[in-house]
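A single chain, nothing else alongside it, follows as structure tokens in the form predicted alone.
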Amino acid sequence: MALHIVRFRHQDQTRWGLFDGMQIQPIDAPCTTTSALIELGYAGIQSRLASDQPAVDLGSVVLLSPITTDAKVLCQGANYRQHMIDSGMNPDDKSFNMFFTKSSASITGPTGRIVKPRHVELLDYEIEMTLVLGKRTQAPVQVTDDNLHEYVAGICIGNDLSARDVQIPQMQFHKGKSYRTFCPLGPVLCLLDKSEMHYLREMQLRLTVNGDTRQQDSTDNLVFKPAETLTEYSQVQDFAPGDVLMTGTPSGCALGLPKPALVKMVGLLPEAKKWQLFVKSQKRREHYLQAGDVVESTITSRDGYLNLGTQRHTVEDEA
């Protein structure tokens, strides 16, 4: 049975709890990190439910990221079929994943603010189903649908915020995606047992900005599925419990790539002129985030059994 876990602050204490949609039943576990909580194991967490303590109303707590900042943030790029087509790629031609990382300093809570740095003009959003890893590895591993539960402890909502005017013209993927508050995670860390791993192919993602739906898709449309992705990533990366893997975003981002013919023509220009034109053309697009915009994200299973909660953030300019 899936465990919907939250991390919250209540009466000056930070705790873990089991969330039922309205109330939180505290978990009696002195864990300060996601990795320590996961290493208790599925049964160990269940046994620590503090049933002798009163449940806490959701309205009386501050929800925190269920992923603590010691976690590595691993990412897949261009992993939904329509997003790849929109980006000028044929998903059937891809043999390998696009991998990159975000700084753990970018992790922030599921509600509050997203800070737009003063020099950033092209702030973009990317909702992503995020795998929370459950096993330590120090060598390449072969992950299959049969042993996936050994490597994936659960899932949560992620938003891979991106400063496109840093990421693309400056070719700074890590920097452009790693400013503080650029990685909201949570609110729910949904721990899954072996029989529930099929839900990774059935999750429904939706992101809105000021109430308008910008992204909506199903994880059934992932090009590289979790098992094959972890197998490939393990060739170059060690995993630890509590690390996260953001599995890519659907189409609908603010970024709009020019047609190949235009890219070829502009490619003849000097570098500085080429990127000046890129930024100028992107600034004409209305979907980039501005101060005051409200971004909301939800992920649920198709049958409603799993509900990862709602992220809600307001964009603010850096002071």
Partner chain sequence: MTKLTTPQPARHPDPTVRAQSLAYLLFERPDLDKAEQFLNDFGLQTSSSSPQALYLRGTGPEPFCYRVRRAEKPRFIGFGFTVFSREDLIRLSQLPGASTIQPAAYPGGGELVRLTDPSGFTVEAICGQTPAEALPHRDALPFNAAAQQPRINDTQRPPVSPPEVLRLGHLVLEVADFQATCGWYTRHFGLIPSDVQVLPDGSPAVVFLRLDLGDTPADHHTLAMAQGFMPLYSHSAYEVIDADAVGMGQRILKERGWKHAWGIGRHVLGSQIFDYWQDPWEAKHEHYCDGDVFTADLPMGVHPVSREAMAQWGQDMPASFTKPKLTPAALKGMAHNLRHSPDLSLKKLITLAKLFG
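As the structure is a prediction and not an experimental result, all values here were calculated from the model. Numbering follows the first chain given and starts at 1.
There is another form of the same protein, the form predicted in complex with its partner chain; it is not shown, and what comes next is about it.
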Open item on the list: Looking at 272 to 280, 31 to 39, 61 to 69, 46 to 54, which stretch has residues with any non-hydrogen atom within 4.5 Å of its partner chain in the predicted complex?
Closed with: 46 to 54
Open item on the list: Within 4.5 Å, heavy atoms only: does Leu18 come near its partner chain in the predicted complex?
Closed with: yes
- [ ] Report yes if any heavy atom of Thr298 sits within 4.5 Å of a heavy atom of its partner chain in the predicted complex; otherwise report no.
- [x] no
Task: Touches its partner chain in the predicted complex: His313 (any heavy atom, 4.5 Å) - done: no
TODO: For the heavy atom contacts within 4.5 Å of its partner chain in the predicted complex, list the residues of 285 to 319 involved, in sequence order.
DONE: Asp303, Gly304, Tyr305, Asn307
